[in-house]
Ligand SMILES: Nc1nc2c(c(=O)[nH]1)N[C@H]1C(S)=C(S)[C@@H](COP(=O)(O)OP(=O)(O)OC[C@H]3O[C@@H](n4cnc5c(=O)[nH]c(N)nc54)[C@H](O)[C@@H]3O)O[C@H]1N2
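A single chain comes next, written as structure tokens; it is the form predicted on its own.
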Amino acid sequence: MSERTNEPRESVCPFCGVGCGLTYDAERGKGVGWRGAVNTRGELCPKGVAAFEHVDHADRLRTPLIREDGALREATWDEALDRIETAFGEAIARHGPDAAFFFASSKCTNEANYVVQKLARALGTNNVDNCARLCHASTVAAMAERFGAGAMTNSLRDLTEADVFLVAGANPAVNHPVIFRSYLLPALKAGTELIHLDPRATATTDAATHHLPVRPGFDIPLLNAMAAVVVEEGLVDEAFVRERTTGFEALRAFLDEVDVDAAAEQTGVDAETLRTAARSYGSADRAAIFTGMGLSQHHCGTDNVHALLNLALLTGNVGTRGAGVNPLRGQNNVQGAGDVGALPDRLPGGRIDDPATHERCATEWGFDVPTTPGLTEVEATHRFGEDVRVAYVFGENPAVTEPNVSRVREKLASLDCLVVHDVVRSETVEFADVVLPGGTWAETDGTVTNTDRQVQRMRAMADPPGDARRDLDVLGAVAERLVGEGFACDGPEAVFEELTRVSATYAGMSYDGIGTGSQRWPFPEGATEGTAVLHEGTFASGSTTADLRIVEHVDPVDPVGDDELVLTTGRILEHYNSGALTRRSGTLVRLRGTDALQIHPGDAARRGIEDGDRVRVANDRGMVELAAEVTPGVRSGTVFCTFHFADPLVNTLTGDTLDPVAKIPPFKHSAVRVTVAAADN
């Protein structure tokens, strides 16, 4: 890093939801791990090692920008804040508070996200959301409805005691490598079995005992068939079902009608492999489920997760060590952004319609909190330029990450005023009317909450460059203009203390208590430690029972024609999310600088495609061009590519039909045509 760097301090990696301890090695000029709460041996993946490279990048935003005559020019902070005050004030005066929308950020601190959602509520709207909507909203919706909490039920440490891991729609060996190497792999070497549900053979599959290469969009019949085998072969935990569930007889009658062989054929999985995997899960003393976006990112994602929860409940694998249902969070603070209320239907610590949560927030904040849920971020983008007139984008890149992104870019351009608060000149900045330069993770003090509910502290190691400011300073200045001086933002520790007063799950935490370790929620006031295993004896809902659900298959929203294939998307180890930061890391680009479309040899041969050919991937929403990677690792009928790269922009092809409950789009199933690209003349 530059000479602005202070003494290296213990911080947390800004990328995935693992939450590795990270600091700076000035001698090597790289990030290094320290023995943190999660990476107890100090390990890092390549992203962590390169995490400082974007801090001083040439694309860093160093001064505010405002748009004049169609172009962005440098401006003073007063000019930028004046423009925001006028635009938001006029929009709300003319159209009401719901004319404004706020994107919070799953990769920024709990404190910053808390201030963003509080600002939205102070203006009178619940129009605030974060990119958890695009990854695990369906997981949260199903688990919160059935269990009362939409988070990992267990801790990483106790999950090493499982006899079986069922990994559904996730690739932790690549996407959560420290979790995989430090927690899962040692258990596998000691004899734990791994069942992998995924349409591709990945690095996680390499460690699997059983691979079920399910057709994208057919998770429900696969999971129902596994549940039918559990019931048919007497693997139900009868005592748990009797004492901790309701609805068993109805579900059993439904499962009795499931034809396992027919379901296996429908899902593209060998019937005996399916039965063997179901027996392995059902007969284990302790079986732990890990779930990822392969299960959640469908227009029936909530139902997918409901079918998964049935398996855990039927076998009694909830509320005990080495078991449960454990979503693997994508970004470093997806869990925390939701915890602090950066969602349209939640306040810090609870649902917006929960009277106790509502009263705590209104009393602390000193203003009435709106009670009608707001728009989700995808719903909001559909209404940009119409019901929604102004938007504040904090640390996100919707011009790349949203589904059907050509439509989204048109809508971004239709706003009366778009404010982008970020650290680099992302694709979304090109649509902005006002740009506010914030601080990177290495310039930030605050907390983040990792995938197994551990709250950890980040500590600044540098000052923002030029005229850039730390995020809380930026948000405080904006709030002062929009709602007045009474909106306090007195530094991260004061904001966190306020959070503990309104959120019962964080109530017993403190900066001193977290220290260089962590505190895990729920951490009630007066407690000496948090709860590692949720739902022991009583579910987080307050009930001793959870219901078993009949879940019917829902056909994919994109029907696949005879000449079409199913496109599914995901991550690779060296790159991350929209690529706004990792594409600016020379180390990571050198490690994996190109993108490719994985296609099965049979599908390639039928289309005259050879390995390395340039191919066009198209549907009615658009077209992208990629290099073909012909591999048996992806199932026939399916193609795969990452979504990290802005050019080609794969989200041009993804649809925006939403799950009716979680409002999540179907990133994992898009019908496409794949053809050899015409040679350049």
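Residue indices: 1-based, along the sequence shown. Since this is a predicted model, take the numbers as computed values, not measurements.
Omitted here: the form predicted together with the named molecule. The next part is about that form.
**OP:** Decide whether P398 counts as a contact residue for the named molecule in the predicted complex under a heavy atom distance cut-off of 4.5 Å.
**Re:** Looking in the predicted complex, residue contacts with the named molecule include P398, since a heavy atom lies within 4.5 Å.
Original post:
Any chance A337 has a heavy atom within 4.5 Å of the named molecule in the predicted complex?
Top reply: Result no; A337 lies far from the named molecule in the predicted complex.
**OP:** Report yes if any heavy atom of F643 sits within 4.5 Å of a heavy atom of the named molecule in the predicted complex; otherwise report no.
**Re:** Residue-level check for F643: yes, a contact with the named molecule.
Subject >> Any non-hydrogen atom of H575 within 4.5 angstroms of the named molecule in the predicted complex >> reply: Yes.
Original post:
Looking at the named molecule in the predicted complex, is some heavy atom of each of A151, G282 and V318 within 4.5 Å of it?
Top reply: Not one of the three qualifies.
Original post:
Among S503, T381, N127, S426, which has any heavy atom within 4.5 Å of the named molecule in the predicted complex?
Top reply: Contact residue from the list: S426.
**OP:** Only one of A342, A288, V305, C108 comes within 4.5 Å of the named molecule in the predicted complex by heavy atoms, so just point that one out.
**Re:** In short, C108.
Original post:
Can you pick the stretch from 273-281, 117-125, 438-446, 241-249 whose heavy atoms fall within 4.5 Å of the named molecule in the predicted complex?
Top reply: Careful reading of the contacts points to 438-446.
**OP:** Pull the contact list for 321-354: residues with a heavy atom within 4.5 Å of the named molecule in the predicted complex, in sequence order.
**Re:** Result: G330, Q331.
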